[in-house]
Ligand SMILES: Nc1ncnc2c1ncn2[C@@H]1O[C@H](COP(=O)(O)OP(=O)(O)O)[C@@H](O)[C@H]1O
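Single chain ahead, by itself, as structure tokens, in the form predicted on its own.
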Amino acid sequence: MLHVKNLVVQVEEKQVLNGVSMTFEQGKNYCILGKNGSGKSSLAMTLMWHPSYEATKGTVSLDDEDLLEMEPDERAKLWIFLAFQSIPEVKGVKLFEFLRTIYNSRWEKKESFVSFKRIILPHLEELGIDKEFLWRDLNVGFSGGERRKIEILQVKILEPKYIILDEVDSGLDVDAFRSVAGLLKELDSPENSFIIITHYFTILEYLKVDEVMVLQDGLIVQQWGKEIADTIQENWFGE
């Protein structure tokens, strides 16, 4: 399990989380709702150790491992993945070499150019990504939908247990969102957990959740179990 207990976080001396406690169990999906500025993205950034986010109190642990003492790459190796709200461009780094590097690091392998190409090409075909993208700089000139597909590609090769989706609808038109959400639905399994950070319900049409939490001013103000989560989804989508 991924445990967050009494977590207090500040950014440039401004407190953005005020004692948050929550538990994420592998195989279950979670939705964190809240308005802009409520602390949702701050939680995601803290879990993955963005250097601007300082945990001043509380603990974060995964299977008794202390995450707050770990670097981002160490947390990633514990099967945690963050899909960014705003996906950055990385000039000078080719997509192929980026993917090969993270794959080799995650699985402690040394796949060559040729052997990794055999691994990655079937995934590109499954996701409908043009193989020419492999030789372009990472995310440079990519559309919002293409960038999201590259993140899903990373999930497929890294196989994380905890997948944090930080407002993945951001920057997508309706058709691109449906495509991305459908691909995420295909990844949903008892072997992983989605932690969906959003202020819209639309993503819940594709990913069923077991628990809903509402953040406000850096605190959890409401928390509902599966029955309420199912009711929200059924009423919202008319199932």
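Predicted model only: the values in this text are computed from it and were never measured. In case it trips you up, residue 1 is the first one in the sequence shown, and so on.
What comes next is about the form predicted together with this ligand, which does not appear here.
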Open item on the list: Is Q154 part of the interface with this ligand in the model of the complex - any heavy atom within 4.5 Å?
Closed with: no
Open item on the list: Is G171 part of the interface with this ligand in the model of the complex - any heavy atom within 4.5 Å?
Closed with: no
Open item on the list: Residue-level question: is E12 within 4.5 Å of this ligand in the model of the complex, judged on heavy atoms?
Closed with: yes
Open item on the list: I'd like to check something about Q85: if you look in the model of the complex, is any of its heavy atoms closer than or equal to 4.5 Å to a heavy atom of this ligand?
Closed with: yes
TODO: Verify the flagged residues G37, S42 and Y53 against this ligand in the model of the complex: is each one within 4.5 Å by a non-hydrogen atom?
DONE: yes
Task: Which of 173-181, 29-37, 186-194, 61-69 sits within 4.5 Å of this ligand in the model of the complex, heavy atom basis - done: 29-37
